[in-house]
Each structure stands twice: as C-alpha cells, then as structure tokens.
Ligand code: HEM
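Read the single chain below, which is given as structure tokens and is the form predicted on its own.
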C-alpha cells in the first residue's frame, strides 16, 4: 500500500464521520441517537477494551530481568552508579517513570543517524520530535481538563483556574485559547513528519494516519465551534450533566457543529483501546522501564526452566571413547 492510499482511506473515513451528523436534521430521534446512544456505545467500547488490554498486560509473565539501561549499575561501594539510567531500587524506578511519563525523557535523549555524502555516519538529536510530542500531549491534557467545567455544577475550581491561565495571553480573540494554537501546530508537525520523512513514511500505517486525522478533526471542530459556528453552551452543559446523572435530556438548540464534534470525539474514544494510542497506559507495564536493574545484587531465576535431560560430556565420552581414541582425540578415561 503506497503512502497516498494510506492517507486517503483514513481521510475518507473522517470525512464520512463529519457528514454523518447531518442526519440530526431529521428530528429529535436522530438527535437522541447522536447525543446519547453513540456516546454511550463509545464509552462502553472504551472501558471494555481498555480493561481487557490492561488485564492482558498485567497477566503477561516477565521471567527475565530486562530493564533498558544506559548507565553504570550499582555494584561495589566505590563505583559510582547512575541512579536514573540504571535504577537499583523502587524509588529510582519511580523517579525514572515520572520523568518518562510527564517529560518524555527517553524521547528527549533519542538520537538519529544520517549518512553524510553517502559515506560518513553522523549522529544527531531529534529534539523537534520531543518538543512536538510534549507540546501535543500537554496541550491535550489541559484541553481535556478544561472540559470538566461542562460536567460539574458548580464548576470545579481547578478547571476555572486552568481556563483563566490558558486564556492569559488572549487580547483580541477572547474565545481562542493558547493551547488551541499549540496543539494545532504540534499535530500539523507530527502529521507532516510522517508524510515528509522517508523513514517515518515507510513504517507508517493507515491506522497511524487515522489516529492523527481523528484528533485533528476533534481539535479543528472544537476551535471552529468556539470561534465561528457558535453553539448553545448552556444546552451542552445540561446535556453533559444529564448524561453523567443517567438522565439524558437532549436540547434541540445545541446545533449541528456540536454533533460533528461529538461524533469525532466518540469515534476517537471507541478507537482508543484498539490502537497505538494505548501506549499511554502501556508505558506503566513496560518491563524495560518499570523494572529494577539489580541483576548483580539478586539472582534472577527463570521460572520457565523445566527439567531438561542433557547429554553430559562423561556420557558422550563413554559412548564414543573407542572411536575417539582411534582418531587420536584425548580422553579423560582410557576405559
């Protein structure tokens, strides 16, 4: 499958998802389907898929001590060890995981190799990828956290503080947040990186583009809904609160832009547990990250080592002693 087809199929799928909410124009019954039924099905798929994959990961045996290290392991007292690169206890592992989850430390330290003039191998950093990934994930977290104001009454105070901080640099566009700019720029970079870089383009799948286009669709529809196509925010909040209280009530004044945004969000939520986006909880179950490097202090025995019948050298010599002696091969016993 060439790269154009890899992009075309996900783009067509997202386009269909954008057009589907036009059915809400048919009446209240269609609005109820898109406002209540589809989000509920998406949440059911999310939680069932999420729990299934996490349980499977938790049940997967890890018989070997395989932490990914890049520094001196703790050994003799007079040898200085690297407590982050080669964590020897649970506190060091916790600190390493904290830096990995919140600051993408391994991605920051990642390097790339390029051939200069087809002959010389040169190693360099990939800081732009780290910056783009960090900007996207933190912006997405802030945006999701800001949406808590739709689900609580009175509004959760930290959500209000974060919303005010996010709009601190707004002067003329009062409805556009700083994170809206950041996430759009970072998503655009991550998308074009897959299109432009030959190495990344080669390993990219249609599912990778689908995830990026879905998130881009969610962000763009949200920005347009706030800046251009106005919706009844009070009606949206009433719908959100009615959903979490299990008393769904759909207001006909919400408007089509909201249903487009909700359709894309529901699809993204349902697709999340079955995609590579599950790397979010998956990092916690990665044995190369969550294990201590204490192989010099503790003997790790493979629990899968079942008793195996071996052919010892003594048995081998007893079996072939005469041919070995005839060939001049030294033996331990003459008879």
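No experiment lies behind these values; they were computed from the predicted model shown. Positions refer to the first chain, counted from 1.
Although it is not shown, the form predicted together with the named molecule is what the next lines describe.
Under a 4.5 angstroms non-hydrogen atom cutoff, the named molecule in the predicted bound form has residue 218 among its neighbouring residues. Proximity of residue 74 to the named molecule in the predicted bound form falls outside the 4.5 Å heavy atom cutoff. Within 4.5 Å of any heavy atom of the named molecule in the predicted bound form lies no heavy atom of residue 259. Contact check for residue 96: every heavy atom lies farther than 4.5 Å from the named molecule in the predicted bound form.
The single contact residue among 182, 240, 250, 212, judged by any heavy atom lying within 4.5 Å of the named molecule in the predicted bound form, is 240. For the candidate set 143, 190, 135, 162, a heavy atom within 4.5 Å of the named molecule in the predicted bound form is found for exactly one residue, namely 143. Using a 4.5 angstroms heavy atom cutoff to the named molecule in the predicted bound form, all of 147, 225 and 268 count as contacting. Comparing 148-156, 190-198, 100-108, 75-83 against the named molecule in the predicted bound form, the single stretch with non-hydrogen atoms within 4.5 angstroms of it is 148-156.
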